[in-house]
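One chain comes next, on its own, written as structure tokens: the form predicted alone.
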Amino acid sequence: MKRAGLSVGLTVFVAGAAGQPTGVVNSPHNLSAGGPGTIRAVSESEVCIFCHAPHNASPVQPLWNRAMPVDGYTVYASRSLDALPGQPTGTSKMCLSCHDGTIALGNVISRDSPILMAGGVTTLPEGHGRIGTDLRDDHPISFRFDSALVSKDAKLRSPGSLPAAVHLDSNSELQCTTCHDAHNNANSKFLVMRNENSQLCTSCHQMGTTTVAAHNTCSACHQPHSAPSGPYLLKRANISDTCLSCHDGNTPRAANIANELRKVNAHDTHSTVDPNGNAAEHTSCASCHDPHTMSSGSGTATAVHPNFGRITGTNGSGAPVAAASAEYEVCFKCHADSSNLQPIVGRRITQNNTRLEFEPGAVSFHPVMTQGRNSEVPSLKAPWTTTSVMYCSHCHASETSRRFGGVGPSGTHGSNFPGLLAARYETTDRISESASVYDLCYKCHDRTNILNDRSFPEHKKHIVDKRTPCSACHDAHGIASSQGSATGNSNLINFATNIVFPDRRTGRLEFRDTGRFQGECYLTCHGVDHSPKRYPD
């Protein structure tokens, strides 16, 4: 049967190259008593009558023989969608006259009574392509696909570049018939062209390129109808579950991320797709990775790792960027200006915006955005130097990752240590010093050097003799320029207020940098007043 023609008495079909029928007779759309599918009439022999009739049909072309469903659909909607789908129109409404399940299959206009279906079937049963009236979990339809839409979404191809088999209706609207030809099942699922390599999907969508083989097929993650996730048309309930269907430890060459997310601290909330609210409260795999543009390889601290893909970010000035150029820009999407996450350690100067703590103008900082201010850090272990720049994930990562001597995947997926840290970092007061207690610090700073007082003349006294944790004095991220000073907050000094209190004699709580490896403190710690205490004595 040709698309524009009608043959009510059609009894033959033509086989396509793949051996599939190119006509209706040997396809599931043959609902006559002789049809090949499980859904068919009791005795009706005509094939086309379920959709078309040469006489007594409706005014709808082409010779439409079914009632059109009433507008009452819940249409697809997503905050990321630039198109404006409305109630179904045109050929989509024709398709839905069966596929929404509201009109009996045998209810045709040209007959006085409905055609009886075998097994007492009336409407299309569950499954079998029954879409229902809630279209939020189906590919959007009945919207204009034109140059105005493409100008808003760079991931759409120009409608002028569509293959001949993929066509819009006379109003330039995308309809069910853009992807499906009801009269031709040669490509299975009545598709207008083959799609085993996503060639139908990529006729309209240009998502970028990836070297991850499993990410090259849209159907690995997406399904166009009745998707469990709703928006994004994912094959699982949310983004994370979709990713974990492969990254669960059972798929060769796919990192076992599921094991990381089972740890005490996980960088994922398994939130619903497209949630409202603060981004930091709804993290998912797609917060940090674009699966369509990921690639293998290695990165540097000043460039985003290839396995992030072309992911959005927030730059050092706080402005959103379409493609992050460094890892910290990805982190800043949640941990900068919009962050409402409170620091684990309460401090004299409180700041939850890591962008301000790391920015080049900050008083002192770990070198994430740029190399550090301090030109003398004798405790650094090779290959670290005072000109080095580091990733956020040098500290926040899985403790079992390959970077830290394990066999697990790298990245900030999960950790058994608080703060999603890559190693143990105790902040509890009066804890005995050991290589394991401050393992995180000692991965970069030489323990022997620290305990020999090569920089601060009383390191050993504080952390070994007095059992005071590193965190009592040092704020690991940094101190923002608007809150601290070069004299009072050099060397990451920002006192923990659960351990260090104002000096009972002067009421002061402060550190003063008085020169190279020198300073003085006004405070009370472990019941001892410093009024002040000068270093070295």
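Since the structure is predicted, the reported quantities are computational estimates derived from the model, not experimental observations. For every residue, the number given is its place in the sequence shown, counted from 1.
What follows is about the form predicted in complex with a small molecule, which we do not show.
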Exactly one of Leu261, Ile115, Val75, Ala186 has a non-hydrogen atom within 4.5 Å of the small molecule in the predicted complex; which residue is it? Leu261
Does any part of Leu356 reach within 4.5 Å of the small molecule in the predicted complex? Heavy atoms only, please. no
Tell me, yes or no, whether Thr178 is in contact with the small molecule in the predicted complex, where a contact means a heavy atom of each within 4.5 Å. yes
Arg348: touches the small molecule in the predicted complex, heavy atom cutoff 4.5 angstroms: no
Report whether the minimum heavy atom distance between Gln87 and the small molecule in the predicted complex is within 4.5 Å. no
In the predicted complex, do Thr38, Val47 and Ala213 all reach within 4.5 Å of the small molecule through at least one heavy atom apiece? yes
